[in-house]
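Below you'll find only one chain, the form predicted on its own, shown as structure tokens.
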């Protein structure tokens, strides 16, 4: 058999294994299939290449440019995912497992690409939050901004998801404008290597944006600076050793950790046998025990079940586990493959023995089980193993020992408060789930357990058809958890991008803040355009371009006509005496929506032109009532421009409506789509 040489990609060159290389065995056959590692990698050269070549190239792009790049990478991987599937079988994973890893990773890239285009500006600076007025007259203001770190992100990933684990970190890193050095776990690095090759061969990435270490990273972490980030996924023990290194601590180097944890699932007190929730709970647990052979950082390790339902859950769950065919992952009939390696199998058995000190194994015998199409003694196969802890209050090891494989422990609880106490004994997890149809139970668990868990997943008969599952981290939501789960967060949409950026408070005049943020700030200079702004295309409009309208008198007839036409005959518009008794009004006043309608009529240009559609109003506020006989005028200013596709872009207009003396009556932001 030919042993595959798994290369590293360093400073623009592929480097073969060398001194210190390690053999990698097939999880299915136990045969050596690959070799990876090279102690001679120039780690300082890799860091310099990322900082000096990759970083400047990425920072020169806007968030939208980077989002398009990420989408192109996802498309490139998607076109060659069959090759990744074929290679991944040697990790012990089934076709269903591949789809979670590979398709899940591709989907994560698409989500970040979309969020980069939809939720971030076509600019190099991200505005974080609203303006802060720091002076009485608004000549001195503040704004929080985020800019890319000028270093490198070192990603240290786990063995269980060689593609998704890389891409869920890489997408927000590249979107932030920071280059990455990826170090996958050696046991499955051959899959990551192929994914990296696909991305590099696509020609989408600028030089230095992505490098790969297959094998150990040597003393790379000792060369990091305050501008660098370490993002780690793996065991709590390894995370502690890395993040507590003197160099990391002395330089306050960002360290994002996602560690193993004792995730749990609670069967609600209302979810008795025969209910949809009971069946759903059993299905979720069975899936989490067997997907990726239980090698998931989000897998259910502990089950909290009403005491009177423990026996029923064990019986029904055991019957479902009986139907889980273990075998060669390439077979269509296989539902659970092998663990990633013989070493991982030994570790799971050791941890299962520890659990056995406090819990009884009620399902699964690691010495006697069937494997279809493979040799159980040569491959890293194990059966699902279910334990029952009869005394969870006095137990310790079931709450602090994770067997990272197809192993879970069931325990009974007396009431919801007891379930919360037990679920929190894990001292911090990535996810806890609650299967209940009772909203009061969901609220009680949220209040009592939310602080101990990075994610709370609720499911029942109403959401079960569309829910994504207990163990599915989604790129839209944060993935991480407190305590033993690592204390970090990943993904979470734009929140995940912020891990690779520096938040800075800027202070200055409206003109200064407008120039920095490329978004018009009230009080900044106004620009008079050559013609009505609605007659000019997206690219012809300038930030700060302003139109001032002629005034218009609001009459009593206007108010009454609007009231009867719309049906809005609220007393403040129709009954002078009643309006005067209201502390907000001097007497009969114009409708707020009448003022908005008049404002549109005052600034609109009615002819066909570049304005394609009005898509909404944001941040509408009414500050001062307008009485009959008063005049109003409007100021319309180009606040922000955001391209949406090759045909049109969104223009955000700042609209202020004042009385004739200039006192603000209403303010809002108008959104239009304008053609290029």
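Positions refer to the first chain, counted from 1. These numbers come from a predicted model, not from an experiment.
The discussion below concerns the form predicted in complex with a small molecule, not included here.
J.: Determine which one of 413-421, 400-408, 601-609, 495-503 lies within 4.5 Å of the small molecule in the predicted bound form, judging by heavy atom distances; exactly one does.
T.: Selected range: 400-408.
J.: Going by heavy atom distances of 4.5 angstroms or less, which of 157, 173, 433, 94 would be at the interface with the small molecule in the predicted bound form?
T.: It is 157 that has a heavy atom within 4.5 Å of the partner.
J.: Of the residues 184, 329, 105, 379, which one places a heavy atom within 4.5 Å of the small molecule in the predicted bound form?
T.: Only one listed residue qualifies here, and that residue is 184.
J.: Does residue 297 reach the small molecule in the predicted bound form if we count a contact as any heavy atom within 4.5 Å?
T.: Residue 297: contacts the small molecule in the predicted bound form.
J.: Does any part of residue 265 reach within 4.5 Å of the small molecule in the predicted bound form? Heavy atoms only, please.
T.: No - in the predicted bound form, heavy atoms of residue 265 and the small molecule never come within 4.5 Å of each other.
J.: Hey, in the predicted bound form, does residue 145 get a heavy atom within 4.5 angstroms of the small molecule?
T.: Output for residue 145 is no: heavy atoms all beyond 4.5 Å of the small molecule.
J.: Verify the contact flag for residue 88: yes if a non-hydrogen atom of it lies within 4.5 Å of a non-hydrogen atom of the small molecule in the predicted bound form, no if not.
T.: Looking in the predicted bound form, residue contacts with the small molecule do not include residue 88, since no heavy atom lies within 4.5 Å.
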